[in-house]
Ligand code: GMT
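A single chain, nothing else alongside it, follows as structure tokens in the form predicted on its own.
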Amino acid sequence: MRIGITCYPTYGGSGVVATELGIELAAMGHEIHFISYSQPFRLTGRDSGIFYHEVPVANYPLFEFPPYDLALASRMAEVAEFCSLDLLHVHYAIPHSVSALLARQMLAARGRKLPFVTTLHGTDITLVGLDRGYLPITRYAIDESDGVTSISAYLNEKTHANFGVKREIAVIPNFVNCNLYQPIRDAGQRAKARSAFAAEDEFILMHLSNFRAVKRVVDAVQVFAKVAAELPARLVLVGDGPDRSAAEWLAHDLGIHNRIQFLGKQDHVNELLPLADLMLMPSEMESFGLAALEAMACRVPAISTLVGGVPELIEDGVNGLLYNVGDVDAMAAGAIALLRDPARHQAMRDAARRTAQTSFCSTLVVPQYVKFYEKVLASTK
């Protein structure tokens, strides 16, 4: 198949999943065309079977805000026609589904079919789409999609409840390449890599996000402060965003800034995650919890919050630990108890890896997308 993919080409989960999906589909022999305002950050530019089409946006004095959604629709239609796409797959409903709908209508006027699939990722449903200014168009775009998927059962239920959508939505979870995201088997190699961040006797806690308020990175710092008061430990923060400054100031105020490393945005997090002993994901909301899954595939259990779709990934006490939002005392106590119990920690590490391998590996999930595409194409002939 020739598939067009549109996503936000940034460090958010929807962009990561869309990019990884394209890479996996190309490896299976499909031809993938990314259509967005910049190249998705996880693309190397050397992937066979993957092409990138930039969306140019004219900034005329008449426009207070450049109309990206219209430019995107035009580019989608162009790429579909020039490259003979079989379908579009758009990630995040606003504005991508609306742009895909316009592209489909533009081509239909010329006698060409272009079905499109929408994947719902989270805040497009739980936050942005609920805004009264966007709710009607979001609902319409979902209803008009030729196929809709969501990344968790939780998000599926929220979409039906919040938008009154009657149509079927297929749940296809996020995934991870278990051959790329895996533990470092060689103990010496792992110890050498860890030495760049911590002493031999220190634990490494890690947090990975886009540092938006919903990720509660400040809570991660607070949890670490309590852990560091009891155990030799370091915190590695991967990512960047609006709450980085608040986290940096808190680290200084608590006197632990010399035990925390802010790495900023990183392209190869698969090389960093296996170095951690625990992942901290104290988010206010997660429709799935991709950062936790990537860590789990690397044999790193997560200290997370009991929100959204997280319980579909993490079984409390088995492959990770779940707590109420904002309960940093309990999170820290749980982390300390786990790190002080090597046998339990090892069992949880093994369970985390096993969960990724048996339920969320790309080899298991990506074929579900292929079957869904085939079903959509068959229904739109």
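The first residue of the shown sequence is 1; numbering continues from there. Remember, predicted model here, so these are calculated numbers, not experimental data.
A second form of this protein, the form predicted together with this ligand, is not displayed here; the remarks below concern that form.
By the criterion of a heavy atom within 4.5 Å, Arg212 is counted among the residues contacting this ligand in the predicted complex.
Remark: Pro9 does not count among the residues lining this ligand in the predicted complex, judged by a heavy atom distance of 4.5 Å or less. Among residues of the shown chain, Gly122 is one whose heavy atoms approach this ligand to within 4.5 Å in the predicted complex. This ligand is not shown here, but in the predicted complex it comes within 4.5 Å of a heavy atom of Val17. This chain is drawn without this ligand; in the predicted complex, the residue among Val79, Met285, Leu250, Cys178 with a heavy atom within 4.5 Å of it is Met285. A heavy atom within 4.5 Å of this ligand in the predicted complex is found for exactly one of Ser304, Asn174, Ser99, Thr138: Asn174. Stretch 212 to 220 is the answer when you ask which of 183 to 191, 255 to 263, 212 to 220, 296 to 304 has residues with heavy atoms within 4.5 Å of this ligand in the predicted complex.
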